[in-house]
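In the block that follows, a single chain appears as structure tokens, in the form predicted alone.
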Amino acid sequence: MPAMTKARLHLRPTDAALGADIEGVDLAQLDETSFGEIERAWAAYLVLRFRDQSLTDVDLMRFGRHLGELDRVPIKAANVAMTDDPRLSIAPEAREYVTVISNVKIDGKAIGGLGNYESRWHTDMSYNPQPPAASALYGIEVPPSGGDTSFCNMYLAYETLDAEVKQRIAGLSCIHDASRNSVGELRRGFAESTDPTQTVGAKHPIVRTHPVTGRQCLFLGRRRNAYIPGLALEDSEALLDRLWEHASEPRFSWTQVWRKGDLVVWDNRCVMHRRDAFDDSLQRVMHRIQICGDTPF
């Protein structure tokens, strides 16, 4: 990809399968010309990192609206308090669109989701009929170590499958479990289930076509309780295990080591991500926005 044309913007790709830094931009003051260059870099590298940002929730939402319509926050886990969050007080409208990802507790109640646990490979909200097109995560408080986020290039994961597997999965769909979040916490309003054939969630093609680039990629969502309709459970489990083992190979991934002020945005249609666990005595506060997507095809 050619270098950025504006002198104040600099593109620095990682040496991995995806990811790039965009340097020299204040996202709180983003103009349309600069965003056009950022958008082209995002299409090429799938995950972009902007360091040393200082953003309010209003700034974060304004940046998101350059990408598309803001999606509403997902259903909270049952252990997250339905309480006001003093860290989300800049604008009332932020409460509908900004998700708090945090292990911080106030008066013993969690102010955000996912705690300090490991978060396994997943696609955000793929249990919905129209999963988000993009996610952007902003680091407000970051521990000195732990909580790193890894990203996986699902274009490459699909393209490197052998021909026999590609033929086998062509036309197959998978049901994505809606009952639990990416760290395994049961969501509000859902019952416990251990039978994948009874999984509640959206059904999506295992191979989806990106609506902008036209490229095909694996679309696996999350592993727990996933099920391929039309297959015997043992056959579904074996095929999904094979696909997940392949897609999560290190050669397809890049890891973000967080610093305060980092904003990372990824294409949720062709990227999976995961998070390392971290010491619960350390505080981690992240604010996330997501962009409305369309029905996978």
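Start at 1 and count along the sequence shown; that's the residue number. Computed from a predicted model, the values in this text were never measured in an experiment.
Below, we turn to the form predicted together with a small molecule, even though it does not appear here.
Q: The chain here is shown without the small molecule. Which stretch in 119-127, 203-211, 223-231, 156-164 comes within 4.5 angstroms of it in the model of the complex, by heavy atom distance?
A: Heavy atoms within 4.5 Å of the small molecule in the model of the complex occur in 119-127.
Q: Identify, from the list Val98, Leu218, Leu114, Ile175, the residue with a heavy atom within 4.5 Å of the small molecule in the model of the complex.
A: That would be Leu114.
Q: Since exactly one of Trp266, Phe50, Phe63, Phe252 fits, which has a heavy atom within 4.5 Å of the small molecule in the model of the complex?
A: The residue in contact is Trp266.
Q: Is there a heavy atom of Tyr45 lying 4.5 Å or less from a heavy atom of the small molecule in the model of the complex?
A: Looking in the model of the complex, residue contacts with the small molecule do not include Tyr45, since no heavy atom lies within 4.5 Å.
Q: Is Thr149 close enough to the small molecule in the model of the complex to count, meaning some heavy atom within 4.5 Å?
A: Contact with the small molecule, yes.
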